[in-house]
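Here we start with a single chain on its own, the form predicted alone, put down as structure tokens.
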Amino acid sequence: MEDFEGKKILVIQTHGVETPTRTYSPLFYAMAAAAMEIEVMVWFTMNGTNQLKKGEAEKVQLVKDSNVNLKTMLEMAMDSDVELRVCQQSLELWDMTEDDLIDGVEIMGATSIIELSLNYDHVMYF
């Protein structure tokens, strides 16, 4: 297998709780990359921001009768050392503050995404 040491992937998530089937894949791919020992960050912006609001991720269940919901996926991602970041300006669009966010999410300004995109090896957009 190829050596991925030092590689970094940025995953940009723009879909939120209103489109549940589009919330899982970015986290699944991020965890897969982390398992390959690749540094991974998921950047939540636009509608993706709303899935980070306390109490919202628990409501999103992709597979009926499964005990895995979006909250479980977010927790699994963080347990896999996937960094979760949210755009400050997107928080304002959703009338959210830092207190509204689930634990473990860092807020970054909009210009950060430009710098991150230029410094990561690959960018995936959902």
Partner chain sequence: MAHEEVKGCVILKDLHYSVQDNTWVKADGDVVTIGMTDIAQSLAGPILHAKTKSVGTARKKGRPIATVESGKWVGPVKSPVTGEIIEVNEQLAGDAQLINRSPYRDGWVVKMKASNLEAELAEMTTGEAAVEAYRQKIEQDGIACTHIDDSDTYD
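What you are looking at is a predicted structure, and each value in this text was computed from that prediction instead of being measured. Positions refer to the first chain, counted from 1.
The form predicted together with the partner chain exists for this protein as well; it is not shown, and the discussion that follows is about that form.
- Checked against the partner chain in the model of the complex, the residues M31, A57, C87, L101 give one hit for a heavy atom within 4.5 Å, which is M31.
- Although the partner is absent here, E37 lies within 4.5 Å of the partner chain in the model of the complex, judged by heavy atoms.
- Although the partner is absent here, M76 sits close enough that one of its heavy atoms falls within 4.5 Å of the partner chain in the model of the complex.
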